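What follows is one chain in structure tokens, specifically the form predicted alone.
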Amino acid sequence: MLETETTTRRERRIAARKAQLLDAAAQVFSHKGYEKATTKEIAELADVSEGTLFNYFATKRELLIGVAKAYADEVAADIESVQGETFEDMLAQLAANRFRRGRERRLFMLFLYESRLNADVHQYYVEEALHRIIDVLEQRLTALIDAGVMRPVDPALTARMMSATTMGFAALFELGVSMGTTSPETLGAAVTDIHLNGLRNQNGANQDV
């Protein structure tokens, strides 16, 4: 029993130190980019020695892949946990959460760039992490369709459309394009309104253009 408790404590310490290092790596990567970031800077921000960092992650590339996994875990958990009084409230909150997190947007741009240059990053971020996020969103949408809350659209395509919208806005934010509002909630509500109600004027749907 004592051996099991000791092992569990050790595993918790290892997990906590890895999380600490990944959080520091995410901060450095998101501000400086992958190429300019150094393991020394990451170790200093995590308040450990560079040697300690290498006990947990052998290379900077391993850190980047670890950050991509943690990024996917965080987004997937958020998608699964979001609740709202109405269907529209829930979608608006999902959108607002994505628009609110500046570091998340910068990490997305980082992964997008690095996945073109680094096969390992592409394999983890695109083929595993990004697909996981889309799959979790698809499952959430499927549950809403089965509950009769959503009309029976293609959940796989809808999940990709919503993900593409978020990614597009992330790129616009990072390029400094004005959104006309600084409030993630306002932007989330507006995007949700367009998703749900479309662009057609319902009062003049049959009028000639």
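One-based numbering along the sequence shown. All values reported here derive from a predicted model rather than from experimental measurement.
FYI, the form predicted together with the DNA isn't displayed, but the following is about it.
Asker: Going by a heavy atom distance of 4.5 Å, is residue 145 a contact of the DNA in the model of the complex?
Answerer: Answer no; every heavy atom of residue 145 is more than 4.5 Å from the DNA in the model of the complex.
Asker: Is residue 183 close enough to touch the DNA in the model of the complex, meaning at least one heavy atom pair within 4.5 Å?
Answerer: No, residue 183 is distant from the partner.
Asker: Is the gap between residue 17 and the DNA in the model of the complex 4.5 Å or less for some heavy atom pair?
Answerer: Yes, residue 17 is a contact residue.
Asker: Using 4.5 Å between non-hydrogen atoms, is residue 50 touching the DNA in the model of the complex?
Answerer: Heavy-atom contact with the DNA at 4.5 Å: present for residue 50.
Asker: Just to confirm the contact call: exactly one of 136 to 144, 157 to 165, 54 to 62, 170 to 178 touches the DNA in the model of the complex at a 4.5 Å heavy atom cutoff, so which is it?
Answerer: Selected range: 54 to 62.
Asker: Looking at 37, 70, 45, 150, which is the one with a non-hydrogen atom within 4.5 Å of the DNA in the model of the complex?
Answerer: Selected option: 37.
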